[in-house]
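Only one chain is included here, represented as structure tokens and corresponding to the form predicted on its own.
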Amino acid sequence: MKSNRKVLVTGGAGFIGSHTVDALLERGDEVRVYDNLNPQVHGPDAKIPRYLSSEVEFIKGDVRDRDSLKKAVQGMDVIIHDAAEVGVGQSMYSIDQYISVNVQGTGILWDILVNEKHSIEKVLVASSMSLYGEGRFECEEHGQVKPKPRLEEDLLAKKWEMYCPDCGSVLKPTPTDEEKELDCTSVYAQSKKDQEVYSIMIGKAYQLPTVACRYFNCYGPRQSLNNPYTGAAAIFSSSIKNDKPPLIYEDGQQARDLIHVKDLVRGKLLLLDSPESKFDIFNIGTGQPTSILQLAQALIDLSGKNFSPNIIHKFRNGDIRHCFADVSKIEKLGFKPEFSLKKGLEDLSNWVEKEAAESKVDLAHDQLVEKGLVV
């Protein structure tokens, strides 16, 4: 693809979007940002964040506003579609909002691309590891197996792990590849699956190269410290900054794949530039599992605070036990993360020190309890 492209980044004022914007500008692309400045992310004033480069053309708008989005698409060469409602817990009761923004908003974007004149050459869609549900597992005796969803009776008995459907032994989590059967366990996950399926399907039908990027658990500077439904690293950092022990569901041993935002953006732009990546799906992660307890303790240690995580031994509906990425597919294109977890969390912690943070995790937990979503 040609250099010095004109790139539209929906959700470009947000956490991942803004880092994407920086990387595009650094290499000489022209960038237009389309963002609704959601108050839950950007605060009640909903101002353009100070970190967003003045070099971008900014359009405030909702992805469900067809006329405004149509204007944003005009004159662009590439679209990176990052705009979305994000968060597993909240999606289980803000159902209409998640489906409307993530599915309908993506539908409107594709309706414009199919029915209006434009110069778009490629589309990157932000997908999510959440649509896998549980990751891959293997049994010592039976090899790779597909475990059944965890039963409420097991969760009430504090039996958190996944068990072999044949022999009942505890399963070992293994890297999750793009071919794994999808098993959405939240409205958020299902909405991202719908985004991905529609995008690849329509892109193929109209021969408009389209790539779905399955983001694993991204963290780093600019992740909202005031949104209790954003990623675990930011939620924990906000609690710690406010002298509150991080709240941890289950026993804290659930494993995730934590990737620094700059590495994730590096992977995205590799997929954007690669002629081999079209009408396809790629994991963007590190391939390394980290427990939620390890994450919380590392952030406490970096803060210098003297308390322990608050492990409540309860289950949040929509959560999964283990999932980390098989990254062999994107590695074949040359991707390799540059941030170790230690280096990445130090970067996050240094940024958090300078930021204001209001911890709303107790409010979010109480809302989930009120809705009957905590077992």
Ligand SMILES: NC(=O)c1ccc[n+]([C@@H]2O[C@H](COP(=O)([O-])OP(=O)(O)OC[C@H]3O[C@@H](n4cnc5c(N)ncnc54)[C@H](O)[C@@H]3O)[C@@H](O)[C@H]2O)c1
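All residue numbers refer to positions in the sequence shown, first residue = 1. Source: prediction; values computed, not measured.
Omitted here: the form predicted in complex with the ligand. The next part is about that form.
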{"item": "Partner proximity in the predicted bound form: H42 to the ligand, non-hydrogen atom cutoff 4.5 Å", "value": "yes"}
{"item": "Any non-hydrogen atom of A83 within 4.5 angstroms of the ligand in the predicted bound form", "value": "yes"}
{"item": "Any non-hydrogen atom of S349 within 4.5 angstroms of the ligand in the predicted bound form", "value": "no"}
{"item": "R64 within 4.5 Å of the ligand in the predicted bound form, heavy atoms", "value": "yes"}
{"item": "Partner-facing stretch of 142-150, 177-185, 239-247, 213-221, counted where any non-hydrogen atom is within 4.5 angstroms of the ligand in the predicted bound form", "value": "213-221"}
{"item": "Contacting member of I79, A234, L109, A126, with respect to the ligand in the predicted bound form [4.5 Å, heavy atom]", "value": "A126"}
{"item": "Residue (of I311, V56, L37, I320) lying close to the ligand in the predicted bound form, criterion heavy atoms within 4.5 Å", "value": "L37"}
{"item": "L293, L299 and V361 each touching the ligand in the predicted bound form (heavy atom, 4.5 Å)", "value": "no"}
{"item": "Members of 7-24 lying within 4.5 angstroms of the ligand, judged by heavy atom, in the predicted bound form", "value": "G11, A13, G14, F15, I16, G17"}
